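For reference, the chain that follows is the form predicted alone, supplied as structure tokens.
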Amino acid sequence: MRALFHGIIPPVVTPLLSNDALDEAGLSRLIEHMLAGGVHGLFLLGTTGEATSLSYKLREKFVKLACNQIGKRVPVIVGITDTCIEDSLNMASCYKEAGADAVVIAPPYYIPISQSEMMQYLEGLVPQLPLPFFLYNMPGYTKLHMSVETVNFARELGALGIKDSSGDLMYLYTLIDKFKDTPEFSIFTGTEIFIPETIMHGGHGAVAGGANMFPRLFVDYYEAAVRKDFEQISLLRQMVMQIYNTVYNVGKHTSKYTLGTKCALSVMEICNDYAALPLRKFDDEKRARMQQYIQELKEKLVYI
């Protein structure tokens, strides 16, 4: 089980037609697009997947459809973060039945909690889980930047690894150094530009949102880091930075990463760009800018 998780694992967007309807054809195209790009796994119902904006019924349908489409070709991990522990457990059971391989746990959001309270939460949740679990450090959304001690506590409870989306490179290095003698505990970065640093320092991979759009680019970026091919890393980093400066730079709010990814996928005719409330898809002016950016990327990248 532990050996399954490495490399590039995209946090899959949830293709929607409305707040209560999936874009099922788009989901099928999206999954095949990423698998054709060589990704090593898929992460459903994360931040990029707008999980907390979706009803439990829609999440269940999404996971069932996705797992059926994936068909065990790559491992699947699914987010179960919620404000209510019973709902997290209900989701975990449902997703196990659907075919998921592991679940992902971030601190419950809304009420700020301490490190000790997070440990108590894990102590109550983990023994009841029907699947192995990963931690998800996302302090910008959960109000808790999990300490190394909290992460180690989770590892002792059986955690398979952690996705760190803090954007704090020194914290990421500290995690890698802390668990360097326990290689079965996987360290993933959620910050795409950190992929080479993560891998060459001893980490295991990345949960890279850009791999929804350009899976082969991010797989090659990861593999170049594994080989320590610095010339290739430099070339691919320039391509990733172009995505940062274009696709991720439409709009001025934090939501621009999710909305930009969805808009780009729509322009690429992969899936619909509807965003669940409280978000709204880009307007015509922003979509026109995205079309221009994607056209420019097509002319420069071999990955479209």
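The first residue of the sequence shown is number 1, and the count goes up from there. Not measured: the values here are computed from a predicted model.
Beyond what is shown, the protein has a form predicted in complex with a further copy of the same chain; the following relates to that form.
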Triple contact flag Glu97, Leu160 and Ser266 to a further copy of the same chain in the model of the complex, non-hydrogen atom at 4.5 angstroms: no
Can you pick the one in Tyr136, Phe214, Tyr222, Phe188 that has a heavy atom within 4.5 Å of a further copy of the same chain in the model of the complex? Tyr136
Give a yes/no on whether Arg237 approaches a further copy of the same chain to within 4.5 Å in the model of the complex, heavy atoms considered. yes
Considering non-hydrogen atoms and a 4.5 Å limit, does a further copy of the same chain approach Thr182 in the model of the complex? no
Mark Glu296 yes when one of its heavy atoms lies within 4.5 Å of a heavy atom of a further copy of the same chain in the model of the complex, and no otherwise. no
In the model of the complex, does Leu65 have a heavy atom within 4.5 Å of a further copy of the same chain? no
Option from 71-79, 97-105, 222-230, 205-213 whose residues, in the model of the complex, bring a heavy atom within 4.5 Å of a further copy of the same chain: 222-230
Scan 246-280 and note down the residues that get a heavy atom within 4.5 Å of a further copy of the same chain in the model of the complex; none is a fine answer too. His253, Thr254, Ser255, Leu277, Pro278, Leu279, Arg280
